[in-house]
Structure formats: C-alpha cells, structure tokens
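One chain is shown next in structure tokens, namely the form predicted alone.
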Amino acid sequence: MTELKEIQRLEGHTDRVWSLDWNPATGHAGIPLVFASCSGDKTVRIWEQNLSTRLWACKAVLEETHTRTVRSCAWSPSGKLLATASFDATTAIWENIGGDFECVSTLEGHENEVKSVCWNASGTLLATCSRDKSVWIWEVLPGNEFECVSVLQGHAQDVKMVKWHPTEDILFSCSYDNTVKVWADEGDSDDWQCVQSLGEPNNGHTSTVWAISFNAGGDKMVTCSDDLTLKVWETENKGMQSGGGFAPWRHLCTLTGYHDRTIFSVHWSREGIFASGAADNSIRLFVDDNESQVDGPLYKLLLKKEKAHDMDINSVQWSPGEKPILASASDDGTIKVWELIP
C-alpha cells in the first residue's frame, strides 16, 4: 500500500507559511537537500537536511529586508541566488556568500503586492506578477543587476502565479480573472506578447486559477483552481516551439471531486506524480491511469492524505533529490516533509 509518510514537522515561522522552493542544485552528489520557505512573518527560512540523521534544521533566517508578507520564493537554476516576492511591492535577490545570505538587489516597479516570482530555465530571465494585474519580465545582467525588459498587461485581475516553461522561454501566468495566459517573445527582442489565453470558452477554469506546474517533458501542464478542479493541458511536439512558431495548448482532462475547498497548489514530480494541496487541509497524489476509459480522465488518484495540516495548505513541492520527498507549507505556520513509500 502506497503511503505518504511524515518525516518531520518544521516549526519556526510565526505566521502562515505561504510558499516553499527546493534548491535545484542540492540533493545529489553528496550535497544535502536545501529548501527555502516564506511567510506572513516577513521572513524567509533556509532549511537543510543533515546527511547522517536525515533530519532537517533551519540554517538561516532572512529578515529585516521585506516590510510585509513574503509571498513567494524561487531559487535560480544554479542554486546560487534566491528571489523573494513580497506584499511590500518589492522582489529581493539574495546571494549565498560563504554560507551567509545577503540581499544583493531589490526589484521595484509593481504598484502593490508581488504574488509570485520565477526564473527561466537558463537563469537569464526573471518574471514577477502582482495584484496590480501586471506581469514583469526582468533580464539578469552581470553584477546582480536586473533590468525590466517587458511589462505584460493582459490580465483583468490580480495575477496569482508566474511559471516559466521548463525548457523554452515561454511564460505562463494565472489569475483571479480565471484564466491562464501564455506569453512568448515573438522573434523580436523583448517583444513579449500573449500568444494564448486558456479560459472558460476552451474548457478552462470557472474561478481563480492559483497554480501551474509542468511535467518533466514540458508537453503537459496541470493547473488548480478555486473551482475545486485540477485541469491537465497538453501541447503538440515541443520541438516546433523553438523554430516553427508557437504550439498551442489544449485541454486534456479535468479532475473533479477530490478536494472540497480551494486547491491552492499543484506540483508535478519528475517521476510523473502530481501532488495537490488545498484549503481542506489535505494532500492528494495523482498518476497516469493506463486503464482509463475512453473520454475519461487520464489520471487517477494514487493517494489521499487527510488532515495533512491543521489549516489550509498553501504549497506542495517535490524535492530534486533521488527519493520521492514532498514538502508542504500551511496556514498553521508549519512545514512538513513527507516521503512517498511505494
């Protein structure tokens, strides 16, 4: 019987934990796993696994920089920089300098709360989004300089998340306006345009879209929403996107009836399992359904973990290490680390 086993409950934040992100350069070649978490307590915490005890400890607290809630955090692909987005309308860039994290840059421009931050696959671009309805794309320049190269106005409401495609420089954003928008640089440098909008008319969500995640291959995407559904989308061969124009996304299936309150987070593992976390305090895991019926959902429930936390689950994220380890962050102020036992 497959089991999601709680390894450890991590305390330290003094308010709700909004988000977490694993450092992609950790968890292999003898480097201990590291992740960052961010909170309504205005701080970011860096957690590291002890290689001998396998237990986690807080290695650093990043504080006295943001003046309001830190809503989102994201490591650069090299794992050397950490970006943190805050309700104080700024995004801070932190560098690990000899074990100490220093704020080396502050990105300003959004009118109000920054909700999400994400690096592209090569670490050359950074995207941020805000309650001001805009998405900003920043170019990463030498010497920890960041230059805004595009401000994308297309959403009608608060933008909840930005996510880069895992291999292409194509950006995805999701919003309180119930849509997912796809943005691409149409040949000209920095001429970013909305190339597709996934909404109700094309089998999209009927309420706020909270999160987006891609499978390892980058040809499928899962979204989660306040409408209590998860939706899987697919695109035709990715190879076309680099040279032959944009390959549009289409709705593949909708998973409904698995959570009875808002689904805030979804994350697809390299092994093809996606996890969801919701306001019903539970975690669900889904896998490919090889025996799916014609026209039926192509994914099946692998496991449900009721009462995973005492309050809303805001973020679930699979680790980059060898073992299937999941971390979850909650309004209850804790982070839990889980291992999937087959």
Partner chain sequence: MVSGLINANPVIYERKERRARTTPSAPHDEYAVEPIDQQEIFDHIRDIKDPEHPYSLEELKVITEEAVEVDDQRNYVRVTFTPTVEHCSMATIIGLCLRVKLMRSLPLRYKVDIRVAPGSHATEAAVNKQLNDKERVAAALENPNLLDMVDECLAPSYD
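Positions refer to the first chain, counted from 1. All of these numbers come straight from a predicted model, not from anything done at the bench.
Another form exists, predicted together with the partner chain; not displayed. Remarks below refer to it.
Site residues 16, 207 and 210 are all in contact with the partner chain in the model of the complex, judged by any heavy atom within 4.5 Å. The partner is not drawn, yet in the model of the complex one stretch among 247-255, 76-84, 174-182, 141-149 has residues with heavy atoms inside 4.5 Å of the partner chain: 174-182. 115 is the sole member of 110, 267, 155, 115 with a non-hydrogen atom lying within 4.5 angstroms of the partner chain in the model of the complex. 68 is the sole member of 54, 59, 68, 304 with a non-hydrogen atom within 4.5 Å of the partner chain in the model of the complex.
The partner chain is not drawn, but in the model of the complex it has no heavy atom within 4.5 Å of residue 165. The partner chain is not drawn, but in the model of the complex it has a heavy atom within 4.5 Å of residue 279.
The partner chain in the model of the complex is not approached by residue 287, whose heavy atoms all lie more than 4.5 angstroms from it. Although the partner is absent here, residue 220 is not a contact residue: none of its heavy atoms lies within 4.5 angstroms of the partner chain in the model of the complex.
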